[in-house]
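This document contains two forms of one protein chain, each encoded as structure tokens and listed individually as structure 1 and structure 2.
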Structure 1
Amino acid sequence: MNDTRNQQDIYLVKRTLSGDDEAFSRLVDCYKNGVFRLVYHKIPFKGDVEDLAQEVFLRVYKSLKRFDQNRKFSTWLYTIANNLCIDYLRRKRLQSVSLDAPLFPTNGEKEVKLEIPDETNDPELVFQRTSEQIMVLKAIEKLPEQYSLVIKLRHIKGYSYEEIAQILDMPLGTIKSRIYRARNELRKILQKGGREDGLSSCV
């Protein structure tokens, strides 16, 4: 059944690329419910789900020429949807949020406060961040994407391990492992920065 479905998908892809927009509408009809469910479970801001689901198909349409027709269309489609959700979370939830929460509130470790100013604040407030805060933020950006994202979700946004696993659609064990490794990598970056800049280790 899956092979038949994919053969039909590839046929519709070819028809779309030849200029048949009705063929793309049929693809949308086949997958709109699945895409909506995927987006709904990943995005906490439910009012944006429908718009984001539509954006998925817009991105699919624009990228269709680059689709490898030897691949399974549904896998390619849901990969685009998943990546779009991650991009959305980074834009919507990891930017322009005022907070003052411990970065690493674990036993025996020094807590580092992060304060990310809202864009509507007085510009002078932006410059009140300490050198440690700036250094930590820069260090997070140096992490590989898979590590920086979980660090931001856990220690800046304050989501639980379970919530992060749901947001990223990954096993709980994988999330815990990534956060553990991300902390170690961040600690190395900060220690290196501390030696080079004369600053003490922050983590």
Structure 2
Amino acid sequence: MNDTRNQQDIYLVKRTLSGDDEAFSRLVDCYKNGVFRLVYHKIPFKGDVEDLAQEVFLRVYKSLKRFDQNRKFSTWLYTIANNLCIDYLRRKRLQSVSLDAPLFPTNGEKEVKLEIPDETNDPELVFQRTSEQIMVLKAIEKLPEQYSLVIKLRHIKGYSYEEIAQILDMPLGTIKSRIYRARNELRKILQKGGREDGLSSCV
């Protein structure tokens, strides 16, 4: 099955190289979730995940000519994603250095390691969610249905308020106030969840 997947990828790569950008957008569709998750695992600031994941595909597009078509496309793609994350972390490290780190390590002292350990070299990462993502998804499931539905449409499916109003055939104002309330409920659930976790770890 993997072979068929890769054959299709290689076919789309060839189409892209012959100038068919539509073929590349299909590759993006196939791999955006995987790349997104990989990047999510690797970088600490989640606000940059989307941008960096898009950057990965831009890099892939530009280097496509250098891709050896006898290799597996997905492996090559995730290698690029991995390298871009490492570049990103290196850039961030240059900007932020821990205040606790000694500037000039003395003889007895080991230089403080600023490297962020990379324990996430597992290719399975692209199929996994982080624990905080799982926590949020569980919290969404705990919401009353009318709230969980709008939250999913808004934040997982990415629809705008107007689009949700159309889909559910409800006034825009109703949708907005429902999402506001849903967020508030979600905030409370997560807050409670966090506190419970804290208590249980103390006991």
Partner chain sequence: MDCQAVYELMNRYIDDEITPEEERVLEFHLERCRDCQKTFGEFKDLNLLLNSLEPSKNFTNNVMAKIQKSKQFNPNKWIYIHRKSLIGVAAVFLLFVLVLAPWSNNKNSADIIISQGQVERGITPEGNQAVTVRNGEVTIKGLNGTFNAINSQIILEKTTADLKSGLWGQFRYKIQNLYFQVKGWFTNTFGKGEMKNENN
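Keep in mind that this is a model prediction, so the values were computed, not measured. The first residue in the sequence of structure 1 is number 1, and each one after it adds one. Under this definition, the rigid core comprises the largest set of C-alpha atoms superposing within 1.5 Å between the forms.
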Please identify the form predicted on its own: structure 1 or structure 2?
1
Quick check on residue 40: with the core superposed, does its CA move 2 angstroms or more between the two structures?
no
Return yes or no for residue 183: a CA shift of at least 2 Å between the two structures, with the rigid core superposed?
yes
For residue 153, the CA shift between the two structures after fitting the core, in Å, is 38.1
